[in-house]
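Taking the form predicted alone, here's one chain by itself in structure tokens.
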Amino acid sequence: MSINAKTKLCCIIGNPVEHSLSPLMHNAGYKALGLNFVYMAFQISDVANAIAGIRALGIHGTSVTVPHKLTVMKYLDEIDETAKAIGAVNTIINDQAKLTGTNTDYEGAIRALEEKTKIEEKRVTVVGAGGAARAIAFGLKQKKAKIKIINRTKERAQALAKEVRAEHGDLTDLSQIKNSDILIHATITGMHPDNKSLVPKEYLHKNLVVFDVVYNPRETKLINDAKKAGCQIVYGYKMLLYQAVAQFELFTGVKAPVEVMEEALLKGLAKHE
């Protein structure tokens, strides 16, 4: 599909964005389905003017990444209930200059998990209390999981736990993973080039599903330890994939070609590892 005056523009905004894999996934999907869309990355620091530009230029759909997921909220016309609850927007829909914010991060995490396990009534330990952990915790709450939030700073764990009606603790409480059904690691520990894990391998067990949101490298230390312990594995890139799939469908109104987008993502990741 060649770019012309009818081409719909979608984009990602953040700072930095030069290593974003979103353009690879979205553009591969557009090409596969023959859609007259194009997706670009814009590194921005002035959020107010960026949002004004999105509105004025008719940019159809926008992905929002760090550090702008909270800042964009005050410039939008409407924010859906999920994004309000999570306290962050990662997706903006432009409908005739009316900008609506939503959040697909939690959808990405839940869909990735549900490929491997049911979530309802499962005992889930979430390590971390930042943006990713917040989105995941609210998704788990919707699925009626039994959640415990563990964080290096206990006060942050307590604050998030209060919002999702969960238990909380600090890193001294990691041993309770031995009694969990699902472990979700949602911090940056283990991200390239850091080859570390917050979770002692002796707490991992064969009945545990382990989901590490870190996707670079694909095989983190936690993932490798979990494999050796016989755990089921959920790779971090799956959350990245499925949040993009949800955005693609919001932007285009058609079902996303998941396998095509996954192939594009994995090729992109291979170049970064």
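On a predicted model such as this, the values are computed, not experimentally measured, just so you know. Numbering starts at 1 and runs along the sequence shown.
What comes next is about the form predicted in complex with a small molecule, which is not displayed.
Undergrad: Using a 4.5 Å heavy atom cut-off, indicate which stretch of 79-87, 139-147, 184-192, 118-126 touches the small molecule in the predicted bound form.
TA: Within 4.5 Å of the partner lies stretch 184-192.
Undergrad: Hey, in the predicted bound form, does R152 get a heavy atom within 4.5 angstroms of the small molecule?
TA: Output for R152 is yes: heavy atoms within 4.5 Å of the small molecule.
Undergrad: Can you work out whether V72 and the small molecule are in contact in the predicted bound form, taking contact to mean some heavy atom pair no more than 4.5 Å apart?
TA: V72 lies outside the contact set for the small molecule.
Undergrad: Should G29 be counted as a contact of the small molecule in the predicted bound form, where contact means heavy atoms within 4.5 Å?
TA: G29: no contact with the small molecule in the predicted bound form.
Undergrad: Would you please decide whether G169 lies within 4.5 angstroms of the small molecule in the predicted bound form, comparing each non-hydrogen atom pair?
TA: G169: no, not in contact with the small molecule in the predicted bound form.
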